[in-house]
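Next up, structure tokens for two forms of one chain, structure 1 and then structure 2.
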Structure 1
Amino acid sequence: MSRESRMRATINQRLTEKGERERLKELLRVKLTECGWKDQMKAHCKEVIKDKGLEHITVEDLVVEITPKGRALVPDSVKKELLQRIRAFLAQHAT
């Protein structure tokens, strides 16, 4: 394993161990609901479902349609805050 992948693995492990990953997930969920991202995405889902048909929609269909748009629609402020938190964690626990 290269040094880099070892470091990544360590960091990821630490993130999970310290509970920070769960906290970050929850933080993101709350922020995205607050800023209306979830409602926007739900509206987009409605379009997709009406397109593909209510009976035949699969999780795959949704994932393929939703994920790219979801990634793009995250507001800058939320993104900045998340990145900040992750950097702070790394600064504390890396090296």
Structure 2
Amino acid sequence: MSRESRMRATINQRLTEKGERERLKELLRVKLTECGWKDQMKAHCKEVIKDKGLEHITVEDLVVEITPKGRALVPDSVKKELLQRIRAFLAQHAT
């Protein structure tokens, strides 16, 4: 396991142990709904299903198809806010 992988695992563990991971996930849900991301992704899913046909696409196929666009549509402001909150959490809980 690389140093970066160990660091990510440690950060993830701390976020989970302190309940911050769930708070961040809820914040992300709220922010994505507020900015219309959820509606855009819902429309994109419908489009993909319509193009490929409901009988010819699995949930896994749909996830693979929509993930790149979903990531690209997350506003930079939302990404920055989450990153700032993670950094603040880590600074506060540094050992």
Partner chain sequence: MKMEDMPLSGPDNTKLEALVHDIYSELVEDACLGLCFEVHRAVKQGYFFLDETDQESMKEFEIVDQPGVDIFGQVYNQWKNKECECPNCKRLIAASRFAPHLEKCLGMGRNSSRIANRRLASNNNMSKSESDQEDNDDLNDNDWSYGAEKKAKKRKSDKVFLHFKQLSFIHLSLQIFLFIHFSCGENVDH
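Throughout, residue numbering runs from 1 along the sequence of structure 1. The term rigid core refers to the most C-alpha atoms you can superpose between the two forms while keeping them within 1.5 Å. Keep in mind the model is a prediction, meaning the values are calculated, not measured.
Shown as structure 2 is the form predicted on its own, with the alternative form given as structure 1. Core-superposed comparison between the two structures: the C-alpha position of A72 differs by less than 2 Å. After superposition on the rigid core, the Cα of A9 moves by 2 Å or more between the two structures.
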